[in-house]
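There is one chain below, alone, in structure tokens, taken in the form predicted alone.
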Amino acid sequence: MASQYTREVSYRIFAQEFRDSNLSFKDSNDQYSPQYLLTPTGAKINRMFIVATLTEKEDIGTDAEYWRARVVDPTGVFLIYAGQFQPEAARVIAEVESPQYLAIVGKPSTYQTEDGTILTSVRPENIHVVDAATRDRWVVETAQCTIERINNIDSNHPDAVRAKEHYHPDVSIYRKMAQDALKDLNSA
């Protein structure tokens, strides 16, 4: 019998919007129900796809390797954490030298500090070293996806409605972010 399991779509999202996201939830009370992060433009993310430049890495583990990496796109920084439960991703981070373009598929993770601030990071499922052309294509596609979500933010789609209710987003900020990311490519 074929499995009924299907993978969640991997959303393309810029670091700035990811960092601005703070609404995580499950659609049901089932313990196996996926965890989602809703972004200000209405992306309901369980998996994400980013291509960014590795700028720093550090083994912050005490008993075993646990890597923290900073990867940068044209809008800001993603923090990536990989350890024993992400062995292949941890191996890539350990072996690669910065600066290097990395393609990362992973799950969004949130952490609430004592003062109530929500911090976002990515738990990678896999990481691959890629070239500049791949990074540039990701920037263009991510800008297009962002603009598409912005154009649909006033729709009756449940994710758009929930994003507007929670964030009251000034979508002009995200439109400018996407446009600036594209300008950054054109000036490089």
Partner chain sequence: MEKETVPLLEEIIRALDTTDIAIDQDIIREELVRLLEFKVPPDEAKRSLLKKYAASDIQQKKKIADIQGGERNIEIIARILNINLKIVNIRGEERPIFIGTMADETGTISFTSWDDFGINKGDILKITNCFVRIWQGMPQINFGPRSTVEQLNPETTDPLSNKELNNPTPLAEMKTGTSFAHTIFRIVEIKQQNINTKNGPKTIINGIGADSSAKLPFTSWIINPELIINNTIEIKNAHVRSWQGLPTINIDEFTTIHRSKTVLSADDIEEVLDPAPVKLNCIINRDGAFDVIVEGSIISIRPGSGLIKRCPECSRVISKNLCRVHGSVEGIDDLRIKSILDDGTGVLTIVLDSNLTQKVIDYSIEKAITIASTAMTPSVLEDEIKSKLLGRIMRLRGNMTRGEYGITLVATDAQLIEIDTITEACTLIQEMQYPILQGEDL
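Numbering follows the first chain given and starts at 1. For clarity, every value in this text was computed on a predicted model and none was experimentally measured.
One more form of this protein exists, namely the form predicted in complex with the partner chain; it is left out here, but the text below deals with it.
Engineer: So, residue 19 and the partner chain: in the model of the complex, are they within 4.5 Å at any heavy atom pair?
Structural biologist: Although the partner chain is absent here, residue 19 would stay clear of it in the model of the complex, with no heavy atoms inside 4.5 Å.
Engineer: Taking the partner chain as it sits in the model of the complex, is residue 120 in contact with it (heavy atom to heavy atom, 4.5 Å or less)?
Structural biologist: Judged by the heavy-atom cut-off of 4.5 Å, residue 120 is well away from the partner chain in the model of the complex.
Engineer: Answer yes if any heavy atom of residue 126 is within 4.5 Å of a heavy atom of the partner chain in the model of the complex; otherwise answer no.
Structural biologist: Yes - in the model of the complex, heavy atoms of residue 126 and the partner chain come within 4.5 Å of each other.
Engineer: Can residue 105 be called a contact residue for the partner chain in the model of the complex at 4.5 Å between heavy atoms?
Structural biologist: Within the cut-off, so yes.
Engineer: Which of these residues, 27, 154, 141, 56, gets a heavy atom within 4.5 Å of the partner chain in the model of the complex?
Structural biologist: Contact residue from the list: 141.
Engineer: Given the stretches 58-66, 159-167, 27-35, 133-141, which is the single one in contact with the partner chain in the model of the complex, using a heavy atom cutoff of 4.5 Å?
Structural biologist: Among the listed stretches, the partner-contacting one is 133-141.
Engineer: For 8-47: residues with a non-hydrogen atom within 4.5 angstroms of the partner chain in the model of the complex?
Structural biologist: The stretch touches the partner through 8, 9, 10, 11, 12.
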